[in-house]
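Encoded as structure tokens, the following chain is the form predicted alone, with no partner shown.
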């Protein structure tokens, strides 16, 4: 029977192999004490197995609260544990409950993070993965080379549908590829979802008829299940190409149900990510996280950005982009969404460190606050990426392009 293997970084005041055995028992057939019915035959079929334990460093203080060490030592280790897929089949919420679930509550651990998952071949048959991914999103936007350049409507909330549409009109005229609602806006007192959809799609379709290029607008449909389905259908009927879902808020099952409708690229916004990942000895690493959402079928997934405005390190961002570049069965690769305080200046290091232009490069303030206006902000990002791909320095690119030079003068000094 096929098995799933999970890799964890653990910290424990106890012997790491013993703690790993607790992990395997608690998350499969066992509990804190032997019980009737837990036969050798049952355990052989359903019990999780400790595959390996690799000792790391020993520290004198715990990463998070847990059991108190009798000798003041806390041991870290890499642990691999496997489960038969008979335990959960293709039920992703149950899989997550098994691989994470109560593990974070177990007092034997003063640190525990799910680092990676190895999935069996049957998962590649059962789950289709992204409907569009990198190639499909390029086809929908007509962008054949370079990254997709995108922005977020700012202010995040408070604009009327007409004001939003006017901004989209300006951005579309400037050659933007992608625009999205902020995650804080789905429907507000002065911007109902239906009115905003109608106003924005009128602009999008007008520009498509005129130029042949239809920009991708990601409407935030996050909400209750029935409401999300109605909004999804409304986007399709209006000629839209993308829906945005706050995946951590909406959850696996709801996102999976929406994606099963088909026809729209799904922009997976991971707001709340810090809650899942920020502590180095708690939560889930992006390597494991992204595999789950790829199975669900998300087409675009946020990865933060180089020199971003949040806590995540550049190394972590680069590793996340690399994770999305790796194959998962024969499924389409999701489009990495680079965001969080980006402007053209970060294009050079982003390209140097990732060697890819298969990105959706998002700049909110970097476009909307450009000193020459949003249209120049779009152009400045395109110029920056052209310079980066051509091997130019930031300084040489600024000398060549006035719009990018103005970006450097404004955003470069603030960074």
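The shown structure was predicted, so the numbers you read here are calculated from the model rather than taken from an experiment. Positions refer to the first chain, counted from 1.
Omitted from view is the form predicted together with another copy of the chain, to which the following refers.
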Can you tell me whether residue 389 touches another copy of the chain? I mean in the model of the complex, with a 4.5 angstroms heavy atom cut-off. no
Taking 4.5 angstroms as the cut-off for heavy atoms, does residue 124 touch another copy of the chain in the model of the complex? no
Do residue 267 and another copy of the chain come within 4.5 Å of each other in the model of the complex, heavy atoms counted? no
Can residue 226 be called a contact residue for another copy of the chain in the model of the complex at 4.5 Å between heavy atoms? yes
Each of 155, 159 and 275 near another copy of the chain in the model of the complex, meaning some heavy atom within 4.5 Å? yes
With the partner omitted here, the residue among 195, 106, 119, 78 that in the model of the complex has a heavy atom within 4.5 Å of another copy of the chain is 106
Contact assignment for another copy of the chain in the model of the complex, among 96, 174, 115, 236, heavy atom within 4.5 Å: 96
Report the stretch among 207 to 215, 322 to 330, 185 to 193, 129 to 137 that approaches another copy of the chain in the model of the complex to within 4.5 Å, counting heavy atoms only. 185 to 193
Stretch 43 to 60 - residues with a heavy atom within 4.5 Å of another copy of the chain in the model of the complex: 45, 46
